[in-house]
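Below you'll find only one chain, the form predicted on its own, shown as structure tokens.
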């Protein structure tokens, strides 16, 4: 049954638009699936390979600007930014990897954080090239309804899930886990840790770039402060995976559901306004204390806790 579970869930998700959902509900579903994609991408590098990144906004923003600049500079449909982002984001990832993968632990995390900030500042100041703070607007929207946007991001999510699962069940995945557990021991066994960390980084970056390119086409507008945002992209990505479950297949999806719905509920309360980040912090503290492996990782423990609460 577990073997076919991803296909069953994908089939059920594909049927949801047929239920006549409102535009707002479709928007929430699209955001949930998009964040699940970003979470799965981050999980591949940081959860499975152990290279904790605070700079995934760099890859998200690069993918977003790839799509946006195709439209604004060349007059080409922004949807071509999704396949083209494979090349563009890979190049950026290799450059970032060459600089950052020399470092370990918190030093690597801080280095990736700085890369995201550098790209944001660069995009803000290259006004003739990126539009600066004015950003890029796609005036010709592909569809008014959200159904096709939903199916596109769903296809990206299914592809991302299957790609991550395939990688982690291959020899490559064993190398990633070996590096995460003990990089020195992995090197002593003859594993080229720099090579495999670079592979993990590029794969994670490309998948994140897909989400960024989709975001440009879906929202129709981007600017550096949105797509390169540390708190709204990089930090939320980490929280999505931490809440759902690090190094689990389903954790990013569960975390995305919780984080997106929580943000929408809080924003709908006038007195709280934009205080959703405060609640995110409180939720993360609670998760770390009681469910350090996330909801999926500590699901058995969560069931025991709920059982005790009932009694």
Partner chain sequence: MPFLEIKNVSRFFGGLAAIKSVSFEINKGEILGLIGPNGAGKTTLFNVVNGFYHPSRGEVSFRTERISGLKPHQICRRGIARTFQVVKPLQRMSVLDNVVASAFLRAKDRAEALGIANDVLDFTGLADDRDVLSKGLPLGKRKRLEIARALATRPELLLLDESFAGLNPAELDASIGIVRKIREQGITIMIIEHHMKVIMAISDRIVVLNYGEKIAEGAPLEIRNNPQVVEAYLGEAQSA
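Positions refer to the first chain, counted from 1. Small disclaimer: the values here were computed from a predicted structure and weren't measured.
As for the form predicted in complex with the partner chain, it is not shown, yet the points below apply to it.
Position in contact with the partner chain when the complex is considered in the predicted complex, options 192, 90, 147, 142, heavy atoms within 4.5 Å
Of the candidates 192, 90, 147, 142, 192 is the one lying within 4.5 Å of the partner chain in the predicted complex.
Since exactly one of 239, 201, 178, 136 fits, which has a heavy atom within 4.5 Å of the partner chain in the predicted complex?
When the partner chain is considered in the predicted complex, the option within 4.5 Å is 178.
Can you pick the stretch from 201-209, 224-232, 151-159, 166-174 whose heavy atoms fall within 4.5 Å of the partner chain in the predicted complex?
Stretch 166-174 is the one.
Although the partner chain is absent from this view, report whether residue 185 comes within 4.5 Å of it in the predicted complex, heavy atoms only.
Residue 185: yes, in contact with the partner chain in the predicted complex.
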